[in-house]
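Below you will find one chain, with nothing else, as structure tokens; this is the form predicted alone, and questions on how it binds or moves follow later.
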Amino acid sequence: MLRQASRLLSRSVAAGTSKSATARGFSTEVPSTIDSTFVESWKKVAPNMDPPQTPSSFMKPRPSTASSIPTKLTVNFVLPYASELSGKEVDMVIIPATTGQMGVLPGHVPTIAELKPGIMSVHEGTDVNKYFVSSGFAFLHANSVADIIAVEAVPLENIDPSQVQKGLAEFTQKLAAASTDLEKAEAQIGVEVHSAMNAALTG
């Protein structure tokens, strides 16, 4: 019975889709109800069962895009244990994405970027605040809001160069002496992070 219902639903939905495909395109308004064609087809083959919920039932309308580009970028910078910046309006943020340094200005195209160990700089007028971030993600929205989530972050001026050099030497030695894949992976991560910190301090 289920196979028969599935076949009938597929035919009905396919027929309805072919008729309305040209009239239903992408838009900023996402319907929050179940497709009426699907509901009608379901009732024909299973009148005593409620139609299942589809992904579109849980979707909300997309936020509208501003008609003009804002003059400021709103930044939320969050760590697992603290909120460094909340609703901070700045001119620009430069983040260490895995694809390279990424400058983010107001009106930036919506993007999700993975972060690598490196410097994140926050530009507000002539003031520039720099943080060293270990990893994380940046979510850039169409309304000029940037949500940046990092696993670890510390102001660059709080990093002790001597400790960085010491850590880099220790992890380099561990990498050379590693005998298992796990030891090599842990040592490699340590080398990469400390190398990035060293480059941030000397650059």
Partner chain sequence: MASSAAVPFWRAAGMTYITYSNICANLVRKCLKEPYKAESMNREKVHFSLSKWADGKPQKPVLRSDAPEV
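Numbering follows the first chain given and starts at 1. Everything numeric here is computed off the predicted structure, so don't read it as measured data.
Absent from the display: the form predicted together with the partner chain. The rest refers to it.
- Highlighted residues E114, P117 and V193: every one comes within 4.5 Å of the partner chain in the model of the complex, counting any heavy atom.
- In the model of the complex, the partner chain lies within 4.5 Å of some heavy atom of V164.
- Contact annotation for S41: none of its heavy atoms lies within 4.5 Å of the partner chain in the model of the complex.
- Looking at D50, you'd find every heavy atom of it more than 4.5 angstroms from the partner chain in the model of the complex.
- Proximity of N158 to the partner chain in the model of the complex falls within the 4.5 Å heavy atom cutoff.
- Partner contact region in the model of the complex: 128 to 136, out of 68 to 76, 128 to 136, 104 to 112, 86 to 94, criterion any non-hydrogen atom within 4.5 Å of the partner chain.
- In the model of the complex, the partner chain lies within 4.5 angstroms of at least one heavy atom of each of the following residues of 180 to 199: D181, L182, A185, E186, Q188, I189, G190, E192, V193, H194, M197, in sequence order.
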